[in-house]
Structure formats: C-alpha cells, structure tokens
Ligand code: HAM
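Starting off, we have a lone chain in the form predicted on its own, written out as structure tokens.
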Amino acid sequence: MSSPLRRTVRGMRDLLPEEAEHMRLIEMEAREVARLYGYREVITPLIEHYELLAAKIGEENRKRMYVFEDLGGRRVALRPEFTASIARLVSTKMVAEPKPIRLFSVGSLYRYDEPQFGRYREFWQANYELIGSSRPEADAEILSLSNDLLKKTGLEDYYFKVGHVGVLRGILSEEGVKEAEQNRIMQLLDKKMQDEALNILKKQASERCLETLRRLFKVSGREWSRVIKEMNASVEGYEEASSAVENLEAILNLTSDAKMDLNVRVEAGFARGLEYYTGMIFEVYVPGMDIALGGGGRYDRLIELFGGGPTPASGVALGIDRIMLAVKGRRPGWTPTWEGLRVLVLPVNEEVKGKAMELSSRLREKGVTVEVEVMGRRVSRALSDASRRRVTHVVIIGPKELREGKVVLRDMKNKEQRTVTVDEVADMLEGLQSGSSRISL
C-alpha cells in the first residue's frame, strides 16, 4: 500500500488544471444564470451544528454525514447540502427581507458515500433557492433556470424526472400513517424498493391505499398530460393527493405555456431521500449515467422548523462536477477553449531579465495574462514549449532591439512576428485582450 503522503483520502480527488478549468467554467455559467434570474449570492459555513443539518435530511443521508466534536465539545458536521443552511439564514438574518427572496450558493459538500463514477465524498453544487412564494410560477422558475444552465453547458439529451411528493404523502396522511413512517417509506421509494414500502404499509393502511399506490407506481411517461390524467384517476377520493396532482399539472402547464421546451418524464411514484420536500420534486438525468446531475423541489415547512414564520420555498441543487462528467462523456477529448490572450515574455539572455519582468508587470496592469520565461531555455525551446501550453503571443526581448526601445512580437497561431516599440506592443496586446473573452465550453 502506498504512503498516505502520496495519495488522497478515499473519496476525495485532485482536479488537474483542465478539469479545474472545466469546473470553473460551469460555475461561471451557474453564476451567470443566477445574475439573469436575479438570484443574489450568499456564503454559508462549511461546518454547521449537527442538529441543523440532520433535522430533515433523511435517515440515509444522516448516516453519511461527516460528524465530529470540535475542540469546544460541540457536535458539528460538514455540510452535506445547502438548503438547511439557507433556511437557517433566512429564518434568522433575513426575516425582514421583502419576498420573494432569491438566493444563490456554490461550493463543496461532503457525504460519506461509497466512491464510484460520479459519486464522491467531496462534490460541488450550484444551488438556487426561491423563498416566499407558494405559487406554481416559483416551481416553474426553478425548472426554467435549471434547464437554462444545462443548455449553457452544451448538453442536449438530458431530461427531467418529475413528481410530486404531496401525492404520496397526501394518501398516507389520509390513511393515518405517521410522519416518521412516511419518511421511512419515502426512503425506500427513493431507492426504488417499492415492494418493501408496500409491505410496511400492509399492517397500517387499507387495501384501497395499497391498491392506489400499486397503480401509481406504474404510472409514468413523457406525455405528461396523459400521465396527469392517469394520476387523477388513480387518486380519486383522496382529497390532498388530488390537490397535489392539480398543482403538478399547473406547474407543467406553465412550462408549456412559457415554451421552455423541457424534456420531462413524470413518475407518479417518484420520491427523494430528503425529508423536507412538500410539493413538486425533480431530478435531471442524461442517458448512460445512472446518477442525477441535480435535483430539487418545493419545501414549505423547513424555514418554519428552524424558527422562522410559515415560509414557502422551492429550490434546486445542480452538480457542477457531475455536469462536467456528462459533458466530457458526450464530447470525448474536450478541453477548454481559450479565446483570450496568453502572453509569454521571453528574455534572450541574463542581461534583459529585469526588463522582461518590468514589461510583464506593465502588461498585467492592462489586464493581459502574462507569463515570464523562468526556465532559462533557449529561444527555440521556449517557443516550442509555449506552443504546447497554448500561449497565443510571445514577446521576445533581446539586448539589440531593446537598445532601440523595441521588442519582437510573435503570433503563435500564424507563426508571424514583427519588431515593434515597447509602447506599441503594450497597446496592441491590450487591444487584443479587450476584444477577446477568457475561456469557453
């Protein structure tokens, strides 16, 4: 076994430069979506009190939390998701904020999952929360911004698996099933263990309830209007469940009226492991990956649980690293496209190294990305290395040219070079920089 000094902790990863660039690109797109929709960023602690994070995350997720006692004897945990922290923030420091409140968060999260493709113990998410509205428009907006972000990454064949936890909970509540048992059943349904869920209910629910659930578990499809009709027929006589189906239909009608062009698969028996959901829920998938790229839904009671007033809310968390894996899987050999400048300042000998560093500083002040040759290579070797590292322009500083106040500017793409004054090269590169963007997907 290799030394701990030579390997990462199990479930953690090193991200090499191109992977990190790709992750940051997706994060940049996530921030742009937040800006376009009016979501303001908040930053919450990586470590929270265990009781906060464990309150409604679900039994399976509670078992996977990184929990420890700090030096003050407090039981704390690494955050496994963002929503509990956002709910705490809203219920304490944002009580007087006018509604709706639109909040965006991005960062790393931690769960002690079994490492496998797309599932690590440290992962990254972009999180959006719309707080204060109970209307279908809020849920439709969450679906819309999720769709917009995924489109920006270049993915095309993703689809939304959509359901409504109020349908299942409505049936169970009318049957008198207690919340703790409902949570247990939802955990089983989240793991697609439908028979086990029904077995639990056999001792406490009517045959009508069991038959209704059996029918619902078979109701799914991409023609959502047909699926909604089948759901309505299945839950007839269960008032709360019928209202939930109507709510889901209203949300999907809005996405259709708004021409969002969502690829939707509605599943009547769909559940998620998080216990705080109260309404529409969804996850996003791409073919060939059996893990969700993200998911979310409505949670109308979580903020109240943390001491705030009754506050409806809806949100989504999209996996930045999972989206990266999906994009790379569909675009083998993908590398970030650098559309901006990368300049190398190359002194030809020891005599002009100071001038090389001086010019580099001047270019950086103008916003140009600049490297200085620090390996002592000859010009030909340095140019070859610069080409491999996607340098776009090289400024060659030689003593002869410098005595005339000039340098050589080489365009690495066209393999052309010319001699210009120091002032000219600074202005030229600044102009090229202002006319280009940084990097793109």
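Residue indices: 1-based, along the sequence shown. Just so it is clear, the model here is predicted, and its values are computed rather than measured.
The following text describes the form predicted together with histidyl-adenosine monophosphate (HAM), which does not appear among the structures shown.
- A single residue from the set V245, I185, V227, V316 has any heavy atom within 4.5 angstroms of histidyl-adenosine monophosphate (HAM) in the predicted complex; that residue is V316.
- Contact with histidyl-adenosine monophosphate (HAM) in the predicted complex, judged by any heavy atom within 4.5 Å, is made by just one of P312, G308, G295, G269: G295.
- Figure note: of the listed segments 198-206, 116-124, 90-98, 158-166, the one touching histidyl-adenosine monophosphate (HAM) in the predicted complex, with heavy atoms no more than 4.5 Å away, is 116-124.
- histidyl-adenosine monophosphate (HAM) is not drawn, but in the predicted complex it has a heavy atom within 4.5 Å of Y276.
- Among residues of the shown chain, E141 is not one whose heavy atoms approach histidyl-adenosine monophosphate (HAM) to within 4.5 Å in the predicted complex.
- For R362, no non-hydrogen atom is located within 4.5 Å of histidyl-adenosine monophosphate (HAM) in the predicted complex, even though that partner is not displayed.
- At a distance threshold of 4.5 angstroms between non-hydrogen atoms, R111 is in contact with histidyl-adenosine monophosphate (HAM) in the predicted complex.
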